[in-house]
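One chain comes next, on its own, written out as structure tokens in the form predicted alone.
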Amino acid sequence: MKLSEKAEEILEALWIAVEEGGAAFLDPEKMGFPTDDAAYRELTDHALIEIRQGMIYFRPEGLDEGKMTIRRHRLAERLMMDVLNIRGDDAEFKACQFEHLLNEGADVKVCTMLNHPTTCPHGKPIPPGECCHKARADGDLGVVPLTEFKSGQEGEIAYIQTEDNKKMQKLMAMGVLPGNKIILVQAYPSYIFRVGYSEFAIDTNLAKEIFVRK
């Protein structure tokens, strides 16, 4: 179901009200727009919420939609901070923008890339999706640091996680780029890996910053 950004913001706020305070309703004044706003009508037309005595309540049908909406937001927060290294208020603002794009399976790809995180950067739970349940049942670790690989194991580079531009440039010069195949040749005493026809040796700290999809 594709909802407007305003409608998704209402579902998020209502979910947080239930999650944090145990309240089953939300005062629309906290949203900053009146109850005759089109976003409320959109949600009532989809039978996701109802408005009684000036307060907003989840309908049973809206609980799942609210859960998936907050899941997308918290995955976006993790993406901003863990992968893109964006912090503070800027990270929250960009996460609020990006979350609305995580529909039609995009959230599954992001969740898998992040290795199915269970909490957001603020420690709040990320509701699990079907991909999380399947990965845990299959023992699939998804995207992991290169240090989790065994000698001879092959994977695909997912991303580099570092705030050091010199390290980033060094790895990129080695061909460590998202989408490239990588083979771990040796894990001790240093990490030796092969990208294309070239082999490189790096230390443990640098190997931890290369995230690979098995």
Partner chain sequence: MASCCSKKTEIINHGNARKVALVGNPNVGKSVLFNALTGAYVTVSNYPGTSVEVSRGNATIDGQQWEVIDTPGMYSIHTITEEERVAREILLHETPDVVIHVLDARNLERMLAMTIQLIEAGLPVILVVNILDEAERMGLAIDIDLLQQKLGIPVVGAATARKRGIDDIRSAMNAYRCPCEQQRFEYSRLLERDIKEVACLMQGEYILSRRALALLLLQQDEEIAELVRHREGDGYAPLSEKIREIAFDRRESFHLDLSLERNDMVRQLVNGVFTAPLKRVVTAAERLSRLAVQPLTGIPMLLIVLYFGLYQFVGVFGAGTVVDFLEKKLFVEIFNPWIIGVVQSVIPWEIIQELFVGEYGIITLGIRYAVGIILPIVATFFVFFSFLEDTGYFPRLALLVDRIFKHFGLTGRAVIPMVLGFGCDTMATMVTRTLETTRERVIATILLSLTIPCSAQLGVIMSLLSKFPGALAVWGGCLLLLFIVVGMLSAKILPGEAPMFYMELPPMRLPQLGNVVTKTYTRMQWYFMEILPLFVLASVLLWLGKITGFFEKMITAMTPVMASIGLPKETAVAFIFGFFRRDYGAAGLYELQTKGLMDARQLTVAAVTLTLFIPCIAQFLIMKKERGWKVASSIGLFVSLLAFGSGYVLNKALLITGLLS
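Residue numbers count along the first chain shown, from 1. This one's a predicted model, so the numbers in the text were calculated from it and none came from an experiment. Here the rigid core means the biggest group of C-alpha atoms that line up within 1.5 Å when the two forms are laid on top of each other.
Keep in mind that the form predicted together with its partner chain is not shown, yet the notes after this line are about it.
Undergrad: Thinking of its partner chain in the predicted complex, which stretch from 57-65, 24-32, 38-46, 179-187 has heavy atoms inside 4.5 Å of it?
TA: Single hit among the candidates: 179-187.
Undergrad: Even though the partner isn't displayed, in the predicted complex is Met168 close enough to its partner chain, meaning a heavy atom within 4.5 Å?
TA: Output for Met168 is yes: heavy atoms within 4.5 Å of its partner chain.
Undergrad: Does any heavy atom of Ala17 come within 4.5 Å of a heavy atom of its partner chain in the predicted complex?
TA: So Ala17 does not count as contacting its partner chain.
Undergrad: Does at least one non-hydrogen atom of Leu146 fall within 4.5 angstroms of its partner chain in the predicted complex?
TA: Contact check for Leu146: no, nothing within 4.5 Å of its partner chain in the predicted complex.
Undergrad: Would Ala13 count as touching its partner chain in the predicted complex under a 4.5 Å heavy atom rule?
TA: No, Ala13 is distant from the partner.
Undergrad: Does every residue of Asp82, Gln97 and Pro121 put a non-hydrogen atom within 4.5 angstroms of its partner chain in the predicted complex?
TA: Result no, not one residue of the spot touches its partner chain.
Undergrad: Comparing between this form and the one not shown on the rigid core, is the C-alpha shift at Ala13 2 Å or larger?
TA: No, the C-alpha moves less than 2 Å.
Undergrad: With both forms fit on the core, is the shift of the CA atom of Ile182 between this form and the one not shown 2 Å or larger?
TA: Superposed on the core, Ile182 moves its C-alpha 2 Å or more between this form and the one not shown.
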